[in-house]
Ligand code: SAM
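Just the one chain here, the form predicted on its own, laid out as structure tokens.
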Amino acid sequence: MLIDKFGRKIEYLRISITDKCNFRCIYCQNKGPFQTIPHREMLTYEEIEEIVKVAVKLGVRRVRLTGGEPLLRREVEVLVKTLANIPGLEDLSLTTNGYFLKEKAKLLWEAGLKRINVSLDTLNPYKFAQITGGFDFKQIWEGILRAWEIGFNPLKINVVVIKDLNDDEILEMAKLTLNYPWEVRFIEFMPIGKNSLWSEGHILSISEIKRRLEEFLPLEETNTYGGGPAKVFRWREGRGKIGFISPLSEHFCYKCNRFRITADGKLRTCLFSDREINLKAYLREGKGSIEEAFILALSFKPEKRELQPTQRGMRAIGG
């Protein structure tokens, strides 16, 4: 079992399968040009499969595929099918910006994927284009509806809340749960990478977001699925749930149960720490076993995060 020196059991692995993304979201972009990882430096599907098999052997039960935009990776459904068939893996999910979901949802479902998170920060088509670098809101909305119709459950909507950008839509986003059995999750803006938009003045705390929503209707605490950090509530009149993720104002480091793997094969023990283990040295250069790399990572997983911008942007780390 993967248990660190603070008694936390690592059961959740987030794997970025590409750092490429078609969107150019203003809160994700680094200052200056973004250099993508050369294809030869990215983990192959076979290498990802090998890593996951070892992780499951060591006690990991949940895996999430991320990016960049993971649906940009060719034949991602082939990887999904391979991972979904690994004995002992209890939950396989994926986070996407939703652009390719309308055409890919059925293939992913048939491959064995049953849970999807979609990043969606506004319901306003004009603002959506402003945030994403010119993309069409309708394309994403139709993709979300397609995934829901096919049967993805729970379907979660991730909303990064940025003061003076989209905080005026908090209530409208939450109201989706009145009509749909989805989980809308509000996430505090984080200092990831060298982003020109980042400032503490743009943070809206989860407590303030929750207060605004309770002015509309009282919230009742409920449960969620997926082993993540969200505190989940619902409106009694609603069909869905409302989640709150507070990495800054109410950090959840004491119960962190995850490791991350970047698209170029770096094992990270904390989103906010740039200390990494190069898994490709174990996979391609014979440095040792993947199991040894995981055990080594346990030794330097920090007790709590340091609030400072990471060198890598979120696209490079994996959302």
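Not measured: the values here are computed from a predicted model. The first residue of the sequence shown is number 1, and the count goes up from there.
There is also a form predicted together with ligand SAM; it is not shown, and the following applies to it.
The closest heavy atom approach of residue 186 to ligand SAM in the model of the complex falls outside 4.5 Å.
Taking the partner from the other structure, ligand SAM in the model of the complex has no heavy atom within 4.5 Å of any heavy atom of residue 265.
In the model of the complex, none of the heavy atoms of residue 294 sits within 4.5 Å of a heavy atom of ligand SAM. Ligand SAM in the model of the complex comes within 4.5 Å of a heavy atom belonging to residue 28.
Residue in contact with ligand SAM in the model of the complex (any heavy atom within 4.5 Å), chosen from 177, 246, 158, 122: 158. Only one of 219, 204, 80, 190 comes within 4.5 Å of ligand SAM in the model of the complex through a heavy atom, and that residue is 190. Of the candidate stretches 207 to 215, 67 to 75, 144 to 152, 228 to 236, only 67 to 75 contains residues with a heavy atom within 4.5 Å of ligand SAM in the model of the complex.
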